[in-house]
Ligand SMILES: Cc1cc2nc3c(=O)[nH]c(=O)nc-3n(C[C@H](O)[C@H](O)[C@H](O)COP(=O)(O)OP(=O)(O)OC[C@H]3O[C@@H](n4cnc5c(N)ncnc54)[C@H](O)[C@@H]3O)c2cc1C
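Quick heads-up: it's one chain on its own, the form predicted alone, in C-alpha coordinates.
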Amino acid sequence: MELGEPDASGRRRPVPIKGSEFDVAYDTVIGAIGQTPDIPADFKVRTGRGNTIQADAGLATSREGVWAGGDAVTGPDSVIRAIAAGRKAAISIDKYLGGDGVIDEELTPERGIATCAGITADDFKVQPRVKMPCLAPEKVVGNFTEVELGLPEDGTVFEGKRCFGCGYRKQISRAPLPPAAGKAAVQPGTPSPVSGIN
(Lines give C-alpha, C1' and ligand atoms only; values in the text may rest on other atoms or scores of the structure.)
Protein backbone atom coordinates (compact mmCIF):
# COMPACT_ATOMS: atom_id res chain seq x y z
CA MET A 1 0.00 0.00 0.00
CA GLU A 2 1.01 3.61 -0.47
CA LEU A 3 -0.60 6.98 0.29
CA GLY A 4 -2.71 8.24 -2.57
CA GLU A 5 -3.70 11.77 -3.51
CA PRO A 6 -5.54 13.88 -0.88
CA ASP A 7 -9.31 13.45 -0.97
CA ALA A 8 -11.98 16.13 -0.37
CA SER A 9 -11.16 16.18 3.36
CA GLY A 10 -7.44 16.68 2.65
CA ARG A 11 -6.48 13.21 3.91
CA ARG A 12 -4.24 10.92 1.88
CA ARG A 13 -5.72 7.45 2.03
CA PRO A 14 -3.74 4.23 1.44
CA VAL A 15 -4.12 2.70 -2.02
CA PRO A 16 -2.74 -0.61 -3.38
CA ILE A 17 0.55 -0.54 -5.27
CA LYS A 18 -0.11 -2.04 -8.70
CA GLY A 19 1.78 -5.26 -9.37
CA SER A 20 2.80 -5.73 -5.72
CA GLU A 21 0.47 -8.67 -5.06
CA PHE A 22 2.04 -11.87 -3.72
CA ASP A 23 0.94 -15.19 -2.25
CA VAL A 24 2.26 -16.77 0.96
CA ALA A 25 1.18 -20.12 2.43
CA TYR A 26 0.27 -20.17 6.16
CA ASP A 27 -1.06 -22.83 8.50
CA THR A 28 -3.00 -20.34 10.63
CA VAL A 29 -3.92 -16.68 10.19
CA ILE A 30 -5.32 -14.70 13.11
CA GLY A 31 -6.85 -11.40 12.04
CA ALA A 32 -6.62 -8.95 14.94
CA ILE A 33 -6.66 -5.48 13.39
CA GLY A 34 -9.59 -3.57 11.93
CA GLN A 35 -12.21 -6.09 12.99
CA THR A 36 -15.90 -5.11 13.09
CA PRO A 37 -18.64 -6.66 15.23
CA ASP A 38 -20.83 -9.31 13.60
CA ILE A 39 -24.23 -8.40 15.05
CA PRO A 40 -26.96 -10.89 14.06
CA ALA A 41 -30.17 -9.28 12.78
CA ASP A 42 -32.27 -11.15 15.35
CA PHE A 43 -30.51 -9.22 18.14
CA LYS A 44 -32.74 -6.32 17.07
CA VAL A 45 -30.42 -3.59 18.33
CA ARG A 46 -29.65 -0.39 16.47
CA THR A 47 -26.17 -0.32 14.95
CA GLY A 48 -24.04 2.52 13.64
CA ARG A 49 -20.77 3.12 11.87
CA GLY A 50 -18.59 0.02 11.59
CA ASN A 51 -21.61 -2.13 12.58
CA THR A 52 -21.05 -1.13 16.23
CA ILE A 53 -24.01 -1.27 18.60
CA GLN A 54 -25.47 2.12 19.47
CA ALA A 55 -25.92 2.64 23.21
CA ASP A 56 -26.76 5.58 25.45
CA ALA A 57 -24.59 7.00 28.26
CA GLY A 58 -25.63 4.13 30.55
CA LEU A 59 -24.87 1.65 27.74
CA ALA A 60 -28.55 0.69 27.25
CA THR A 61 -29.27 -0.28 23.65
CA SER A 62 -32.34 0.45 21.54
CA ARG A 63 -33.78 -2.88 22.68
CA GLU A 64 -35.54 -2.83 26.06
CA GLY A 65 -33.54 -4.59 28.78
CA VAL A 66 -30.38 -5.06 26.69
CA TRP A 67 -27.04 -3.36 27.38
CA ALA A 68 -23.80 -3.44 25.42
CA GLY A 69 -20.25 -2.26 25.98
CA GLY A 70 -16.64 -2.70 24.98
CA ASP A 71 -15.46 -2.93 21.39
CA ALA A 72 -18.96 -3.90 20.21
CA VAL A 73 -19.99 -0.31 21.04
CA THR A 74 -16.81 1.76 20.69
CA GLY A 75 -15.01 -0.17 18.00
CA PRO A 76 -11.38 -1.23 18.66
CA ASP A 77 -10.29 0.21 22.01
CA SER A 78 -8.35 -0.71 25.15
CA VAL A 79 -9.27 -3.55 27.49
CA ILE A 80 -9.38 -1.09 30.41
CA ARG A 81 -12.13 0.91 28.70
CA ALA A 82 -14.03 -2.32 28.06
CA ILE A 83 -13.79 -3.23 31.77
CA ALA A 84 -14.96 0.28 32.70
CA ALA A 85 -17.90 -0.15 30.31
CA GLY A 86 -18.88 -3.35 32.12
CA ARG A 87 -18.96 -1.45 35.42
CA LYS A 88 -20.95 1.41 33.89
CA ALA A 89 -23.45 -1.06 32.42
CA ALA A 90 -23.77 -2.82 35.81
CA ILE A 91 -24.68 0.50 37.46
CA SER A 92 -27.25 1.18 34.73
CA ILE A 93 -28.72 -2.34 35.03
CA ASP A 94 -28.97 -2.02 38.81
CA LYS A 95 -30.97 1.21 38.44
CA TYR A 96 -33.15 -0.42 35.77
CA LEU A 97 -33.96 -3.23 38.22
CA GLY A 98 -34.92 -0.74 40.94
CA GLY A 99 -31.60 -0.37 42.72
CA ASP A 100 -29.70 2.78 43.56
CA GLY A 101 -26.82 2.07 41.19
CA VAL A 102 -24.33 1.43 43.99
CA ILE A 103 -22.46 -1.75 43.08
CA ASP A 104 -19.61 -1.56 45.60
CA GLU A 105 -21.12 -4.09 48.01
CA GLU A 106 -18.65 -6.81 49.03
CA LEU A 107 -20.46 -10.12 48.68
CA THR A 108 -17.65 -12.30 50.03
CA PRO A 109 -15.50 -11.80 53.13
CA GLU A 110 -11.81 -11.10 52.76
CA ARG A 111 -9.77 -14.28 52.91
CA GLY A 112 -7.29 -14.58 55.74
CA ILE A 113 -3.75 -15.82 55.39
CA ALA A 114 -3.16 -19.49 56.05
CA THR A 115 -0.48 -20.58 58.50
CA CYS A 116 1.77 -21.23 55.51
CA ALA A 117 0.95 -19.13 52.47
CA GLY A 118 3.94 -20.38 50.50
CA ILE A 119 4.85 -23.62 48.81
CA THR A 120 7.48 -24.33 51.47
CA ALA A 121 6.76 -24.04 55.19
CA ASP A 122 10.30 -23.17 56.28
CA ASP A 123 10.56 -19.47 57.15
CA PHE A 124 8.50 -18.51 54.10
CA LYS A 125 7.89 -14.92 55.17
CA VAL A 126 11.56 -14.12 55.72
CA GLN A 127 13.06 -15.76 52.64
CA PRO A 128 14.80 -13.02 50.60
CA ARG A 129 14.47 -12.74 46.85
CA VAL A 130 17.30 -14.08 44.75
CA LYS A 131 19.41 -11.20 43.49
CA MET A 132 19.26 -10.84 39.71
CA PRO A 133 22.75 -11.03 38.12
CA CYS A 134 23.46 -7.87 36.12
CA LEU A 135 26.20 -6.55 33.86
CA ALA A 136 28.56 -3.99 35.33
CA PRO A 137 27.51 -0.36 34.62
CA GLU A 138 30.59 0.30 32.46
CA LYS A 139 29.52 -2.52 30.09
CA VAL A 140 26.07 -1.06 29.37
CA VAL A 141 26.83 2.63 28.89
CA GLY A 142 26.24 3.83 25.34
CA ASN A 143 24.60 0.66 24.02
CA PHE A 144 21.37 -1.34 24.22
CA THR A 145 22.81 -4.46 25.82
CA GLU A 146 20.36 -6.08 28.21
CA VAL A 147 21.43 -5.33 31.78
CA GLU A 148 19.78 -8.25 33.60
CA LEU A 149 21.34 -11.61 32.77
CA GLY A 150 18.54 -13.82 34.08
CA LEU A 151 18.51 -16.13 37.07
CA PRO A 152 20.59 -19.31 37.07
CA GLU A 153 18.70 -22.60 37.35
CA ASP A 154 19.14 -22.96 41.11
CA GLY A 155 18.03 -19.35 41.65
CA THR A 156 14.95 -19.91 39.50
CA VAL A 157 14.02 -23.03 41.47
CA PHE A 158 14.48 -21.17 44.77
CA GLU A 159 12.28 -18.28 43.58
CA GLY A 160 9.62 -20.78 42.50
CA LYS A 161 9.60 -22.22 46.01
CA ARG A 162 9.11 -18.72 47.43
CA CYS A 163 5.89 -18.35 45.40
CA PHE A 164 2.70 -17.79 47.37
CA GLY A 165 -1.00 -17.22 46.82
CA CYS A 166 -1.78 -14.12 44.74
CA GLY A 167 -2.91 -11.21 46.87
CA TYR A 168 -1.28 -12.50 50.05
CA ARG A 169 1.68 -10.13 49.76
CA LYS A 170 -0.52 -7.13 50.50
CA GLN A 171 -1.69 -8.76 53.72
CA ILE A 172 1.77 -9.66 55.02
CA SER A 173 3.03 -6.75 57.08
CA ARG A 174 6.71 -5.85 57.23
CA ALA A 175 8.67 -6.88 60.28
CA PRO A 176 8.97 -4.00 62.80
CA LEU A 177 12.28 -2.17 62.58
CA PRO A 178 14.32 -1.14 65.62
CA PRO A 179 14.31 2.59 66.41
CA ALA A 180 16.90 4.62 64.52
CA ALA A 181 20.05 5.47 66.44
CA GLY A 182 19.87 8.78 68.25
CA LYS A 183 16.07 8.79 68.64
CA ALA A 184 14.71 8.54 72.14
CA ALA A 185 12.35 5.63 72.69
CA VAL A 186 8.86 6.60 73.85
CA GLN A 187 8.08 5.00 77.20
CA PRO A 188 4.71 3.25 77.57
CA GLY A 189 2.01 5.60 78.85
CA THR A 190 3.76 8.81 77.72
CA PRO A 191 2.24 10.99 75.00
CA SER A 192 3.58 10.54 71.50
CA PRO A 193 5.42 13.55 70.03
CA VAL A 194 2.90 13.40 67.16
CA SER A 195 0.06 15.78 67.96
CA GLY A 196 -3.23 14.18 68.90
CA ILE A 197 -1.97 10.60 69.29
CA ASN A 198 -1.33 8.91 72.65
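One rule holds for the numbers: they count along the sequence shown, beginning at 1. Every value quoted in this text rests on a predicted model; they were computed, and no experiment measured them.
Not on display, but discussed next: the form predicted in complex with the ligand.
Among residues of the shown chain, residue 77 is one whose heavy atoms approach the ligand to within 4.5 Å in the predicted complex. Among residues of the shown chain, residue 158 is not one whose heavy atoms approach the ligand to within 4.5 Å in the predicted complex.
In the predicted complex, none of the heavy atoms of residue 145 sits within 4.5 Å of a heavy atom of the ligand.
Using a 4.5 angstroms limit between non-hydrogen atoms, residue 35 touches the ligand in the predicted complex. Out of the listed residues 65, 137, 133, 40, 40 is the one that sits within 4.5 Å of the ligand in the predicted complex by at least one heavy atom.
Comment: 40-48 is the region of 22-30, 147-155, 57-65, 40-48 lying near the ligand in the predicted complex, near meaning a non-hydrogen atom within 4.5 Å. Taking the ligand as positioned in the predicted complex, the residues of 36-71 that bring a heavy atom within 4.5 Å of it are, in sequence order, 40, 43, 69, 70, 71.
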